[in-house]
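Next up: a single chain in structure tokens, the form predicted on its own.
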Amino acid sequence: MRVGIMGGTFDPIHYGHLVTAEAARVELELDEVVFVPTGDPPHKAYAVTEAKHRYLMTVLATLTNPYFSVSRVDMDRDGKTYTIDTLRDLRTVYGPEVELFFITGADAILEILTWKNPEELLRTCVFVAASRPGHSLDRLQEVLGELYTNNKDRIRLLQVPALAISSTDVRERVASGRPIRYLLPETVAYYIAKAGLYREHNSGSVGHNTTEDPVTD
């Protein structure tokens, strides 16, 4: 069995996330893609929206795809959320025989593999670097050095359609009253409106001082 893991804040989830997950499922012949909304991410430069909202939006966005599911593993863990903890927990859930693929943006992989326990991360799963068509892994090799050289078979490049959608832009559009239609599923847009998320008076929901990857933020 081959399982993809799509981690992120999903604040909110958008079509960039969904297209990337589906591309990975088809390209890597995955049996399932599990979306894992982060609990308390340690590296975000803004106050992340309450986990229950991000979880429900992710559930709404993935309902119509039978190969997609959503896990609460990060949300239900106390303390800060680190990728290594997520992968350890999911390895316990799926067992040693299942092959795990962690799907994220190429830029995000550069950050993750310079954080906590990169060697263990690469032993636990294959990392899938999602990038726009025409990009390569050259920068990964340059930045990671021997870590990349020694683990080439554990890092895969996935080229996806050039969707320059980001959660940051969606939040800012909502705050300024601009449309978000066709950037994310209608169910998610309705939830955002119904819950009053990302409005300027909704303290901590909108981040203007952070740069985020358009695939994984």
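Note that the structure is a prediction, hence the values are computed from the model and not measured. Sequential numbering from 1, following the sequence displayed.
The next section is about a form of this same protein that is not shown, the form predicted in complex with a small molecule.
*Does the small molecule get within 4.5 angstroms of any non-hydrogen atom of F10 in the predicted complex?*
The answer is yes: F10 has a heavy atom within 4.5 Å of the small molecule.
_Contact flag, T86 vs the small molecule in the predicted complex, heavy atom cut 4.5 Å_ = T86 lies outside the contact set for the small molecule.
_Any non-hydrogen atom of S131 within 4.5 angstroms of the small molecule in the predicted complex_ = Contact check for S131: yes, within 4.5 Å of the small molecule in the predicted complex.
*With the cut-off set at 4.5 Å between non-hydrogen atoms, does S71 touch the small molecule in the predicted complex?*
S71: no contact with the small molecule in the predicted complex.
*So which stretch, 143-151, 98-106, 113-121, 72-80, is the one near the small molecule in the predicted complex (non-hydrogen atoms, 4.5 Å)?*
That would be 98-106.
*I165, I155, A189, L60: which sits within 4.5 Å of the small molecule in the predicted complex by any heavy atom?*
That would be I165.
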